[in-house]
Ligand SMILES: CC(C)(COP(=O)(O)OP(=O)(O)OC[C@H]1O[C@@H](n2cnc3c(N)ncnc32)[C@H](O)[C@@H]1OP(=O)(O)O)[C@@H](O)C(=O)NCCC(=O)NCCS
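One chain follows as C-alpha cells, the form predicted alone.
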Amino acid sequence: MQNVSVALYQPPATLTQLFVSPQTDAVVRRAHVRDVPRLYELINYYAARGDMLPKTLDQLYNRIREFHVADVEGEVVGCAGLKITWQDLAEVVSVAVHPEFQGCGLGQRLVESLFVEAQEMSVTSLFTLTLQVGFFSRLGFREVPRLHLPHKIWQDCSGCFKQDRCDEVAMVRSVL
C-alpha cells in the first residue's frame, strides 16, 4: 500500500499518514468529534490554495453535526457539510477530498449523502457557493445569481473576507 501525505498550509505540521490505496472502499458516515482535526487539515489545505473558505477548529467543533465524512480504514479522506439556512433551504459546504483520493467518486458520494439527509429533514432546496461549477453541475445544481440567496447573504456573506471580491458561483438544486 502507498504512503499518502499532503503538505499543510502551516508548516511544519503534517497530516496523519495513510497506508491505504485510493481503490480501497470508503465508508461515508456522519462525522464524529474525533474527526475534527482531520477535517481542519483537509478543508484548510484547500483554503490555502484558494479553493474554498477556511474553517477554524472552533467552527468545526461547533458544526460537527453538519458533516459527513469518507472514511477509509479508519482515516478520514473526505468531507462535506449540510448547513440549514431556512425552513426549506440548506447549503452544501466544505466539500473536500484528499488529493490522493480524487477521481474515485468520493466527492459525489459525500454530496449525495447530504441529499438523503436533506430529504429526511424535509429540506426542498440545496445551494452552494463554489469554484467547482462542473462538479456541482454533474450533481444537478444550476447556476443562479447570488441575490437569489438572501438568507446566505444575511447570515454569512456580509462578514466574509471575500465579500467585495467574491469569485464563487451560486448554484441551486431541488432535493425532490
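In this text, residue numbers run from 1 along the sequence as written. The model shown is predicted, which means the values in this text are computed figures rather than measured ones.
Below, we refer to the form predicted together with the ligand, which is not included among the displayed structures.
In summary, the region of this chain contacting the ligand in the predicted complex, judged by heavy atoms within 4.5 Å and restricted to 124-132, 56-64, 141-149, 28-36, corresponds to 124-132. Although the ligand is omitted here, in the predicted complex none of 71, 76 and 115 has a heavy atom within 4.5 Å of it. Although the partner is absent here, residue 89 is not a contact residue: none of its heavy atoms lies within 4.5 angstroms of the ligand in the predicted complex. Residue contact with the ligand in the predicted complex: residue 108 places a heavy atom within 4.5 Å of it. Using a 4.5 angstroms limit between non-hydrogen atoms, residue 40 is distant from the ligand in the predicted complex. Contact check for residue 82: every heavy atom lies farther than 4.5 Å from the ligand in the predicted complex.
Annotation for 68-98: interface residues with the ligand in the predicted complex are 95, 96, 97 [heavy atom within 4.5 Å].
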